[in-house]
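Before any questions on binding or motion, here is one chain by itself as structure tokens, the form predicted on its own.
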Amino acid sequence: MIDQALIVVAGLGTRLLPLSAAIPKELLPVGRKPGLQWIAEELCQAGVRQLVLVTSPRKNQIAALFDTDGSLRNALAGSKTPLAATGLWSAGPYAETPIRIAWQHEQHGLGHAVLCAADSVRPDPFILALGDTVIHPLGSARLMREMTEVFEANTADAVIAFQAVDSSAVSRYGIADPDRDDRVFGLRDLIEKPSAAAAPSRLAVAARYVFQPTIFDFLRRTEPGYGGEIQLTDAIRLMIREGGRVMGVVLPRGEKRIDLGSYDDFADAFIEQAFRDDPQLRARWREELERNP
């Protein structure tokens, strides 16, 4: 079982300014919980027993979500609301999960952020999740469990989640060059943000990965690429070129990636959870829509 995970939460969130100047985008509410809490619960449900958060010194609020000092629990001890009903991480089933912080002091890309955690994980396989992307249904570990099974069954060096996107969107993502037309496939290549005409498929990276710790070695050898940053995609391509076994898994039917990095994406995520999955909020929204169609 793969029991350690990195969550990258270091981005500046410039597409969400001015909101993200005060609140890290990973802490914005998705229904009744911050997006980051949904992600952490997803990973723990998949068997993770140690979390490493890669973050920026500018985002000190991140640690408060996990209430590591118990101050919020103590403050609520006399409240009329049962602690278990608050939805707090510290009141949930994974409250005792060890959480470490790895700092990314300067922004040099996703690959650099992952490399900043090299000394914070054991030299064993690990899961990587991007903290500004949730997988709906929220909290479900179905995808991560399948990815770890594929990783172990194929003695893989890496497994990457993918979701089909419209041709107009391929230039926003890393795109798979799959070796076969199937939900589970080998990767011949991975192209960072290609044009629609140059894209080998419409399968876009969906913000979840499983890696052997050798990924850190490939990242150390990766030169700055797209945008002058150290790209995780480039390190994975180097792994493939040198004979590494990299697999892709398309999200199961009924599951989808939802970004939180822009106002439109954040609104979609909140509506998806609040309107479709929360009976109380759904009733409230319907009542409001009937009054103001």
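Note that residue numbering follows the sequence shown and begins at 1. These numbers were taken from a predicted model, which means no experiment stands behind them.
Just so it is clear, the following notes concern the form predicted in complex with ligand G1P, a form of the same protein that is not shown.
Stretch 166-174 is the contacting one of 150-158, 135-143, 166-174, 87-95, since its residues have non-hydrogen atoms within 4.5 Å of ligand G1P in the predicted complex. Shown without its partner, this chain lists L130, I127, L187, V114 as candidates; in the predicted complex, only L130 has a non-hydrogen atom within 4.5 angstroms of ligand G1P. Checked against ligand G1P in the predicted complex, the residues R237, K33, R257, K59 give one hit for a heavy atom within 4.5 Å, which is R257.
Taking non-hydrogen atoms only, Y209 approaches ligand G1P to within 4.5 angstroms in the predicted complex. Interface membership of T233, defined by any non-hydrogen atom within 4.5 Å of ligand G1P in the predicted complex, is confirmed. Remark: R202 does not count among the residues lining ligand G1P in the predicted complex, judged by a heavy atom distance of 4.5 Å or less. At a distance threshold of 4.5 angstroms between non-hydrogen atoms, H108 is out of contact with ligand G1P in the predicted complex.
Residues E192, K193 of 177-204 are found to place at least one heavy atom within 4.5 Å of ligand G1P in the predicted complex.
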